[in-house]
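Only one chain is included here, represented as structure tokens and corresponding to the form predicted alone.
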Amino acid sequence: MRLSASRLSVERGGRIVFADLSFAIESGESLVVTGRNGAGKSTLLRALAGLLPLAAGEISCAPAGEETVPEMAHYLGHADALKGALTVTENLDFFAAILGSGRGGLPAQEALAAFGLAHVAALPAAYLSAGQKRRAALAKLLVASRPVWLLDEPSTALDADSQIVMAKIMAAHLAGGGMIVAATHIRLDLAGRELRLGRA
């Protein structure tokens, strides 16, 4: 499987955020997107996820199938997107239902255990700490299997131990033939190529 972006340009608020941007990654590869604030890291991920229109260029996946790139991708943005009134398990069950739990994902309890959250599974999400909420959001990656992970600052609010756990989970995803595009300000313990935006 190959994910390609060819000569992408994205405009927001009448301003070109980036232009003529191209890259490609294969199964088992990652692309770490770096750059100063405002360089377009989050914008790129949102465009890949189908949440922003392209001003120019093309995003494609080969071999071509019935699903679009957004339908094959998990997108994790800055917001944890958890419903505070629902329990942590109910949140994951909801995401599994809308993302496609029949695609080989883990049950919610196993996904939470992978991130060290089994003990808070029955709590309303509103009761969690910032770090726990981030780990619960990351657990969504495991409840439905999708080959492409688009991660915007995945280490936000994670302590050192949780960052190690996340690094192992990302490495396992790559080892299984998945792909990761991750935007970050800090070093990720993730083998792969780097795409730096806003060099000028």
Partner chain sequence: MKQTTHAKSKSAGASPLHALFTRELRIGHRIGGGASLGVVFFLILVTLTPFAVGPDLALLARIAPAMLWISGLLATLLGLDRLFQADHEDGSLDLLLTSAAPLELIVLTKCAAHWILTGLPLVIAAPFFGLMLALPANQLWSVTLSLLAGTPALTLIGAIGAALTVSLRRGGLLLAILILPLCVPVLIFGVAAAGAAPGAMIPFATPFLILCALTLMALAGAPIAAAAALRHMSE
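Positions refer to the first chain, counted from 1. Quantities reported herein were computed from a predicted structural model and do not represent experimental measurements.
What comes next is about the form predicted in complex with its partner chain, which does not appear here.
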*23 to 31, 128 to 136, 66 to 74, 167 to 175: which one contacts its partner chain in the predicted complex at 4.5 Å, heavy atom to heavy atom?*
66 to 74
*in the predicted complex, does Arg146 have a heavy atom within 4.5 Å of its partner chain?*
yes
*its partner chain contact at Cys61 in the predicted complex, heavy atom, 4.5 Å*: no
*Consider Phe115 of the chain shown here, and say whether it contacts its partner chain in the predicted complex, taking contact as heavy atoms within 4.5 Å.*
no
*Wondering, does Leu82 line up within 4.5 Å of its partner chain in the predicted complex on heavy atoms?*
yes
_Partner contacts for 41 to 57, taking its partner chain in the predicted complex and a 4.5 Å heavy atom cut-off_ = Arg46, Ala49, Leu51, Leu52, Pro53
